[in-house]
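In the form predicted on its own, a lone chain appears below as structure tokens.
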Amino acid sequence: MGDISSQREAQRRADRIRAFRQELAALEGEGAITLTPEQRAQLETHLEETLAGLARRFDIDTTERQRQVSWGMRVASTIGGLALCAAVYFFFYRYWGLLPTAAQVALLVAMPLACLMAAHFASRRERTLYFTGLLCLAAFAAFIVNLSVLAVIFNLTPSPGAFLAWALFALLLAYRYRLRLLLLAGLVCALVYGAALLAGLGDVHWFAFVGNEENLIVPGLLLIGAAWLTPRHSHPDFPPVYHLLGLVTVFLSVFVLSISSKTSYLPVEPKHAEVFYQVAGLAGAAFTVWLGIRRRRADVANTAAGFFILFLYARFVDWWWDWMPKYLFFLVIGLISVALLVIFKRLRGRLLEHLA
């Protein structure tokens, strides 16, 4: 893990060097600074030696063209991993009935183990982890197929525990190899498990969580809380994933409930429950914007600001659309948008002051 963290830091330093060169060229063009030929040669020699040393040691991108190629490799790795997942599924679907039960069980156990061994082998021989990420995705898909098919073979009753197992497996791989796509997959499985668990507590079938968005609010809040506990020094790219998924889950659930709360657990009439979630959505989004600014989390503040606008405009449509002339409605919306633009501009200035 230390090698991966060092590689990320080396890439950030290479990016700073590239930005420094661009800014230096701009300053020289504006006449703000002038370097002698000796100073220029000494500086360029130092920068080139630094970049060459970082590239040799950490296999990083030192030019914009290399960075573009790396993005292409990441896309190819993701597509390749998803294609391998599909290949695993269709392989089982095509040949499964031709195998005896013992062979089926052996193959189910062997597939994720083989992918894990291949991923570990690849991780020891590459720094960029493209092939490692691809093989870990395949291992995750094989593990999902493993539990699902074993449950069918042995006639086990479906339960939300499978989602917990899938979540733990994906999170272990994500933290071991620092893979954000698997982190997202694991957190989604954890969300489903938490929602199903809450639905089961209400004396209904665990799959009933699909019909009531309230079951997703508590797991989403727990994800947001977990983001503050995630170590930032060893996994700086992970907290934003927790934040984004948790905030989207909570605010989308509240938004749906603010429109229709027929299946709400609240001991009130559906209309009153909708009003509660309308107020909770606006207040919660505004509070999250403030908290994001205070905690210097631009991702939190920006996401909450987007949902605040969504909640606010939904209420405007609900309150004014039926009785207000359309030209007046859109005029009011335009004026309110200008006011919001001014407010968010000031908030942005405050955020920049906090981040400085």
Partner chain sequence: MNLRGVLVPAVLVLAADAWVLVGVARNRAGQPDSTLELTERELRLERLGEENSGVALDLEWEGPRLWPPDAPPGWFDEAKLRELGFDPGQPSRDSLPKEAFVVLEYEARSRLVAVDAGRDPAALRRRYPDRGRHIIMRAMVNLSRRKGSHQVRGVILQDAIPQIHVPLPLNRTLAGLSSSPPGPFDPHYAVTLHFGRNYEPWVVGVRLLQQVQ
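Numbering follows the first chain given and starts at 1. Quick caveat: nothing in here was measured; it's all calculated off a predicted structure.
Missing here is the form predicted in complex with the partner chain; even so, the following discussion is about that form.
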Exercise. Quick one: which of 220 to 228, 281 to 289, 235 to 243, 256 to 264 gets within 4.5 Å of the partner chain in the predicted complex, going by heavy atoms?
Worked result: 256 to 264
Exercise. With the partner chain left out of view, which of V275, I153, A76, V248 would have a heavy atom within 4.5 Å of it in the predicted complex?
Worked result: I153
Problem set entry | The single option of V105, L129, V188, L198 touching the partner chain in the predicted complex, heavy atom within 4.5 Å | V105
For this session: Would you confirm whether the three residues G306, W323 and F329 all fall within 4.5 Å of the partner chain in the predicted complex, going by non-hydrogen atoms?
Result: no
For this session: Check whether L181 has any heavy atom within 4.5 Å of a heavy atom of the partner chain in the predicted complex, and answer yes or no.
Result: no
For this session: Indicate whether the partner chain has at least one heavy atom within 4.5 Å of a heavy atom of L173 in the predicted complex.
Result: yes
Exercise. In the predicted complex, does M117 have a heavy atom within 4.5 Å of the partner chain?
Worked result: yes
Exercise. So in the predicted complex, does any heavy atom of P112 sit within 4.5 Å of the partner chain?
Worked result: yes
Exercise. Does anything in 323 to 340 come within 4.5 Å of the partner chain in the predicted complex by heavy atoms, and if so which residues, in order?
Worked result: none
